[in-house]
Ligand code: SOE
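First comes one chain, alone, set out as structure tokens in the form predicted on its own.
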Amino acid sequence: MTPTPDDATATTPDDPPIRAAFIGAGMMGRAHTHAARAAGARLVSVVASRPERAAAAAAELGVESGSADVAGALAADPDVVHVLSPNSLHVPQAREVIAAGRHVICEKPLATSADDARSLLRAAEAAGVSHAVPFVYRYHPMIREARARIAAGGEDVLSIDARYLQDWLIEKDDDNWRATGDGGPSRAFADIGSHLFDAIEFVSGRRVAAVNAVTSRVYATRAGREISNEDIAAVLFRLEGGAPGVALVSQVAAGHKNGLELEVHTTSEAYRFEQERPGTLRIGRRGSTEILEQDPAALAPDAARLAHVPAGHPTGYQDAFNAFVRDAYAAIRGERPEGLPTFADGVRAAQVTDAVLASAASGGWVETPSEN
């Protein structure tokens, strides 16, 4: 029988299970603990804001113990710590994990500025620990298929059309910690635009060289609190080599739940991926349009390795998350999984975010750094 993502593990019978701890017990805590369990890990500790909340989270998530701080999680002797806390806490908590010599997986944004993100990358490199950031849309097989075809075709990328639309903050009373100082200076772009631009660079194989952005804050206050970060970001961008692109990022787009869409136009073909329809890749040509189904037998090797079930069974969000964690744990064991997003990719996302904010403030084009 073809294994499902939950059946597959990153271990062999002779390997001891990786001991995993988690800082954060909300939505991402559920996604990460599920993925770690699917990868064969032993879930040793979870950190929440208060001891009683930590104990409840441990019971809810099936983790051995709960703690109210990072030191408590480290006392459980984990091999790897997943940092899933509010954005403003990523840097100090990840630093504490790295200083203890533990491998680290840190949610995006890695930091709320490129300088802070770069400092974490350097610290992890100096400590010799494995590091990863969950840009999990890379783990959809059809994203990998588009990437493989563009790389193999050797054709020029002519333009890119991209969007990431949600509506969960469309009402004035809709509120979340991301809309506070804990979310950092950018919300919509750092939260979901970072995923979109990571996919743009990953699939096209080209870096975004410059951006010209407009941001919008729909409500000045939410739930009685002043809001300083954006609801919407509209971005014109230019790739290295000169190809133009356009992207719209919004958390106030009615009727859209998690609509990441990416279309890359090359000299002879266009590749379109839609996250809410992940089982297909639309390939446009001048004389025809092909809808390529997610069939492991028909995909490039790097895409096929992520398609664990037969054709007709598309990869979902949690499946992609599981595959990311398997690769992150494989890296801890010394392997080099293709396309694993690391802290270097977290730095890159922070660089693009900083450029978008700077462009929105100045009203002009802002170049992004050519290296991390």
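Since this is a predicted model, take the numbers as computed values, not measurements. Each residue number is its position in the shown sequence, starting from 1.
Below: the form predicted together with ligand SOE, not depicted.
Contact with ligand SOE in the model of the complex, defined as a heavy atom within 4.5 Å, is made by none of 159, 203 and 271. Screening 161-169, 223-231, 203-211, 90-98 for residues having heavy atoms within 4.5 Å of ligand SOE in the model of the complex returns a single hit, 161-169. Shown alone here, residue 59 lies farther than 4.5 Å from ligand SOE in the model of the complex, counting heavy atoms only. Residue contact with ligand SOE in the model of the complex: residue 178 places a heavy atom within 4.5 Å of it. The closest non-hydrogen atom of residue 149 lies beyond 4.5 Å of ligand SOE in the model of the complex. In the model of the complex, none of the heavy atoms of residue 121 sits within 4.5 Å of a heavy atom of ligand SOE. With the partner omitted here, the residue from 132, 192, 299, 80 that has a non-hydrogen atom within 4.5 angstroms of ligand SOE in the model of the complex is 192. Residue 28 is the only one of 344, 28, 309, 331 with a heavy atom lying within 4.5 Å of ligand SOE in the model of the complex.
Contacts of stretch 230-257 with ligand SOE in the model of the complex, defined by any heavy atom lying within 4.5 Å, are made by 251 alone.
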